Structure formats: structure tokens, C-alpha cells
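The data below hold one chain only, encoded as C-alpha cells and taken in the form predicted alone.
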Amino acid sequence: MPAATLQAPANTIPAMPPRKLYGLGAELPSAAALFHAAESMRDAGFKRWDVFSPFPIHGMDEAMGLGKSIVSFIVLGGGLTGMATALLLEIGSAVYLYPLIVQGKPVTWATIPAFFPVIFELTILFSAFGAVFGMLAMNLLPRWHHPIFNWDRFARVTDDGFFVVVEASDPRFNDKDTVAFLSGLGATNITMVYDD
């Protein structure tokens, strides 16, 4: 006797794939409340979280425990690369490859003062490239869509909303504990934000 095969009825709806949790978002009533929430989040040991405000809040970097950005080191590296490029191109060509004596001027390292404008310009140019591309890389840009935009209330951030978002990848993240922690900070509209 052949084995019976199971067939799904024609009117069944396929199961939805599980949604990927991005994090937990919460709204705070004021800039001062957001500032104190940031201090509490820092002191509690959260690592992957951010605050959002319609305007800059003085001292927020310290309240969040943010250190010095490494973009300044990228800019320094870009500047040194620009300077080295200018020196290589100018000294390499004018002193070694094509030495040309003009009005009895030396063709040695002593001609470097004549090269200062180009050295300066390439140093500034490469530093600017380092600043722009370093900032884009550190902010993970370009990014066409951020999961936080899936949260309807987040549209108020450009007007009068103050928000804190804790990512699900944070080592201290726990659904219930994080909700209770944010509630204790006076947060409202605590919402699970999904990445889809």
C-alpha cells in the first residue's frame, strides 16, 4: 500500500518569516530627561545604544560616555599621506628624474621652499578626503534605510521628540529587564523596533 502524502489545503496562508529585532525604542518627555537617561544608560553598562533629539544637547557626549573619535587620526593619516605624495612627486621629479637648473638655483633638497604651496595644498586635500570618507565609514554610510525609521513615533524626532534606542545586539539587552529599566527612567511609548 503506498504511503499517504499530506497536502496543504488550497486556502492556507504561508507562514511569515520571523521578524529580526533591531532594538528597543523609548520616548522621553524633555531634553533634560534624555540627558539624565543617557547618564543612567552609561552607568548601567549599556554599550550599543543611541539618543536622538531635534537639536544638539550640550554635554551629551560626556553623558553617553563617548570617547574621542578616531576620525581625527584618519584626518592626520590623510594629511601625512598628502604631504608625502607632494614631496615624492616634486622632489622625485625636480631633483632626481628631471633636474633642471634655472638661474643657477640648486637642484637638491634645498629647493624644498619652492615646493611648499603644493605640499600645503595636497596636505589639505588629503586631510579633507580623510575627514569625509572617515566620517562616512564610521557612521556606516551610505545606508538607504535605517531600522529605526520603521517606528512611527520616531518621525517626531525632527520636531519635538526625544528618543533613546537600545540595540538588541547590546550585551546587556534583555526584553523585560530593558523595558523595566527604561520605564524607571520615565520613558514612555517603549516599543520593539524590527529590522524589516
Partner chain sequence: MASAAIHPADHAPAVPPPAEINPEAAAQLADLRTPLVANDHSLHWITENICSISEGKTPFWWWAAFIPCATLAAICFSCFGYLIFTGVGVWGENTPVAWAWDITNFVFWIGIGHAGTLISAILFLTRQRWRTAVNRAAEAMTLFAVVCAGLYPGLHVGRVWMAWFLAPVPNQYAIWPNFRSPLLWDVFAVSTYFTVSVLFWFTGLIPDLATLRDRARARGQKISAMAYGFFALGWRGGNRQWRHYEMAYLLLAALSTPLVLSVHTIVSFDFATSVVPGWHTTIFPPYFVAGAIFGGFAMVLTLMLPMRLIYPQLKDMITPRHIDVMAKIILMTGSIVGYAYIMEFFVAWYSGNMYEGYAFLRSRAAGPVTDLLHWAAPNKFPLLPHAPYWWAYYAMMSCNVITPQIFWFRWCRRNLIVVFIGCMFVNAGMWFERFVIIVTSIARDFLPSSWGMFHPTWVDIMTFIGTFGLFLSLFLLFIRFLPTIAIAEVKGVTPMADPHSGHGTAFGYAAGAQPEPTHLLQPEEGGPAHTANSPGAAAAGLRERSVTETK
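The structure displayed is predicted, hence computed values, not measured ones. Numbering follows the first chain given and starts at 1. What we label the rigid core is the largest C-alpha set whose atoms superpose within 1.5 Å from one form to the other.
Another form exists, predicted in complex with the partner chain; not displayed. Remarks below refer to it.
Novice: Please check if residue 40 has a heavy atom lying within 4.5 Å of any heavy atom of the partner chain in the predicted bound form.
Specialist: No, residue 40 stays farther than 4.5 Å from the partner chain in the predicted bound form.
Novice: Taking 4.5 angstroms as the cut-off for heavy atoms, does residue 83 touch the partner chain in the predicted bound form?
Specialist: No - in the predicted bound form, heavy atoms of residue 83 and the partner chain never come within 4.5 Å of each other.
Novice: With a 4.5 Å heavy atom cut-off, would you call residue 169 a contact of the partner chain in the predicted bound form?
Specialist: Result no; residue 169 lies far from the partner chain in the predicted bound form.
Novice: Does the partner chain come within 4.5 Å of any heavy atom of residue 44 in the predicted bound form?
Specialist: So residue 44 does not count as contacting the partner chain.
Novice: Though the partner is not shown here, which residues of 25 to 56 have a heavy atom within 4.5 Å of the partner chain in the predicted bound form?
Specialist: Heavy-atom contacts within 4.5 Å come from 29, 30, 31, 32, 35, 36, 39, 47, 49, 50, 51, 52, 53, 54, 55, 56.
Novice: Any chance the CA of residue 80 moves 2 angstroms or more between this form and the one not shown, core superposed?
Specialist: Comparing forms between this form and the one not shown, the residue 80 CA shifts below 2 Å.
Novice: Verify the C-alpha shift of residue 156 between this form and the one not shown: is it 2 Å or more after superposing the core?
Specialist: Shift of 2 Å or more: yes.
Novice: With both forms fitted on the core, check whether the Cα of residue 107 differs by 2 Å or more between this form and the one not shown.
Specialist: Yes, the C-alpha moves 2 Å or more.
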